[in-house]
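Shown here is one chain on its own, the form predicted alone, set out as structure tokens.
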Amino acid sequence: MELRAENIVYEYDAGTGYAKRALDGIDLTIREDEFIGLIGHTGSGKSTLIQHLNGLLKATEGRVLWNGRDIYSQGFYRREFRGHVGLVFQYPEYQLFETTVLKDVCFGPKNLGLSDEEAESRAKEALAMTGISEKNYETSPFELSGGQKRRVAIAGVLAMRPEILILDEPTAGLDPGGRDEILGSVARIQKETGSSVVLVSHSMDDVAEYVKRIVVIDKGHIAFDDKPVRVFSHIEELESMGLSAPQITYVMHELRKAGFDADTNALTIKEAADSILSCLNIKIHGSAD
């Protein structure tokens, strides 16, 4: 499985005096079993890019290839393609519309032409993966909590069994517990299914905790595409783009300035705790000697 964007250029209002270039020469490849964080300042082009990856927008220049086939070519069925590359928009609960949770999640598979029985089987599988209890299957989705609604909406896309799942700010507006529920579910699903996930997020801490690769978009260009530890080592460049590093990174840099041998590559709380305990152990044993 491979999804590739080659030299993607996109202009809003192309050919008019109001034309604005949102993407400018984007090259990006997504392969099997990847967990990618897509970050960038508001207006950087993130949302425009993911709509190209799903075929909702057509590039002004360049092409998008799915397993080597140009998705813009004649005879390519983009409706079927969207079953392979699922996109969950920001605040997806606003797109819930059916009378019960189960019916809502069945909608996507039925739209792919599956039978009622197969659609229901897939829906139940997806709901289980996102942690929605069977007791809620016949409940109106509008009676659920914010986090539950979000998980039902994600289940609706998962029921189509996409090979790539793209999530646009899936934790926006949720409290810390709700954010952990959503991201924990997504991480578990990615690990269990081997599908690829593209997580669009403004939270550097969330990105650092879960993803294995980070793509940074700045003014329609890819500024960085690398492992998290390498991307977050460019603190000054990220800040110049209106971004930041995870809070842990700043803490570890301050400890280093204070004379501790802190690991400035630590990105998660666990990594930071291990480094700090190691530093304290050295200090204690050093003073005892």
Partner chain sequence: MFKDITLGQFYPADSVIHRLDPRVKLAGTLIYIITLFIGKSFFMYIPAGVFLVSVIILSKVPPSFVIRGVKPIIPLIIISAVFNLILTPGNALVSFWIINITSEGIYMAIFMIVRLLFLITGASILTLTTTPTKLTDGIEKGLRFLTVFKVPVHEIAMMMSIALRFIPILVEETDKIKKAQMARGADFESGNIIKRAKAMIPLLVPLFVSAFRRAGDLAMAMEARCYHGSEGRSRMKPLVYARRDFIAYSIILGYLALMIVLRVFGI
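Source: prediction; values computed, not measured. Positions refer to the first chain, counted from 1.
Keep in mind that the form predicted together with the partner chain is not shown, yet the notes after this line are about it.
Put simply, Gly147 is far from the partner chain in the model of the complex: not one heavy atom of it is within 4.5 Å.
Of the heavy atoms in Lys191, none are within 4.5 Å of the partner chain in the model of the complex. Among residues of the shown chain, Leu57 is one whose heavy atoms approach the partner chain to within 4.5 Å in the model of the complex.
In the model of the complex, the partner chain lies within 4.5 Å of some heavy atom of Asn111.
Judged against the partner chain in the model of the complex with a 4.5 angstroms heavy atom cut-off, the residues Gln51, Leu96 and Val157 are in contact without exception. Leu87 is the sole member of Ile132, Leu87, Leu183, Met204 with a non-hydrogen atom lying within 4.5 angstroms of the partner chain in the model of the complex. Distance criterion of 4.5 Å from any heavy atom to the partner chain in the model of the complex singles out Asp104 from the list Glu209, Asp218, Glu163, Asp104. Figure note: of the listed segments 120 to 128, 77 to 85, 172 to 180, 195 to 203, the one touching the partner chain in the model of the complex, with heavy atoms no more than 4.5 Å away, is 77 to 85.
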